[in-house]
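A single chain, nothing else alongside it, follows as structure tokens in the form predicted alone.
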Amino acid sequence: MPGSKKVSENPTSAGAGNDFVGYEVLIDFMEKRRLPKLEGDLIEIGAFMGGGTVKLARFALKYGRRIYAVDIFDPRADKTPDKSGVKMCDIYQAFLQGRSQLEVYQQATNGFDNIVTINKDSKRVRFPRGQKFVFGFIDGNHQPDYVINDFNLVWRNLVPGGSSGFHDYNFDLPQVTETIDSLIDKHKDEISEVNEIKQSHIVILTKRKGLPGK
């Protein structure tokens, strides 16, 4: 089954502090919905400094699963402006303070053998049909075409009953919210539930069970 790769028994990392989203709400959601009982791994698109990746990896480790982390590791790539006109790339570089994003991420995730890092533009990533995901979290490039691409990248391999979440929903990136709403409408027949975690600006879509061919 996916996730059979040998994982470290005692991973340690100080990098969990680099979680600017609050991944505990995602882990709480997965536990309450008993998603680890489904067959598949976890995927994160947009790992940034690795703090959230570490938390997902620690959670996945308990169930012998992998976490796939997809990121281009170029803090200059996302030029999406927020409502005030500040570009995401400027925010990322301010957090990094001149450090290499990839090196910060690698330091944070060191010791976790169940993390599969994919250092690519997400538009260049494809997974085989046999790869299954039970949960995905999307917080990559905030341009609408990337939001759509990243949703499709996760959704096509998401198992029925699995869930996929987005960050920055109903927050300060209106184009992200508009794009997510359009995806919800387009795929409404495939979605059994939409959960918004307002305090974290997260929305989570659950894939309907019993879809044709599933």
Ligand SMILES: C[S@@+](CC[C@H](N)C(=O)[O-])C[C@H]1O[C@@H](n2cnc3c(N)ncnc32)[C@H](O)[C@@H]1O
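Residues carry their position along the shown sequence, with the first being 1. Because the structure is predicted, anything quoted here is derived from the model rather than measured.
If you look for the form predicted together with the named molecule, you will not find it shown, but the lines that follow are about it.
Q: Pick the stretch from 178-186, 59-67, 46-54, 156-164 whose residues have a heavy atom within 4.5 Å of the named molecule in the model of the complex.
A: Looking at the partner contacts, the answer comes out as 46-54.
Q: Which residue, Thr117, Asn114, Thr109, Gln101, has a heavy atom that falls within 4.5 Å of the named molecule in the model of the complex?
A: Checked against the cut-off, the match is Gln101.
Q: The named molecule is absent from this chain, but in the model of the complex, do Phe133, Tyr169 and Glu196 each have a non-hydrogen atom within 4.5 Å of it?
A: Looking in the model of the complex, the three residues Phe133, Tyr169 and Glu196 all stay beyond 4.5 Å of the named molecule (heavy atoms).
Q: Using 4.5 Å between non-hydrogen atoms, is Asp74 touching the named molecule in the model of the complex?
A: Yes, Asp74 lies within 4.5 Å of the named molecule in the model of the complex.
Q: With a cut-off of 4.5 Å between heavy atoms, is Asp90 one of the residues that contacts the named molecule in the model of the complex?
A: So Asp90 does not count as contacting the named molecule.
Q: So in the model of the complex, does Tyr146 come within 4.5 Å of the named molecule, heavy atom to heavy atom?
A: Yes, Tyr146 lies within 4.5 Å of the named molecule in the model of the complex.
Q: Can you tell me if Asp82 lies within 4.5 angstroms of the named molecule in the model of the complex, counting non-hydrogen atoms only?
A: No, Asp82 is distant from the partner.
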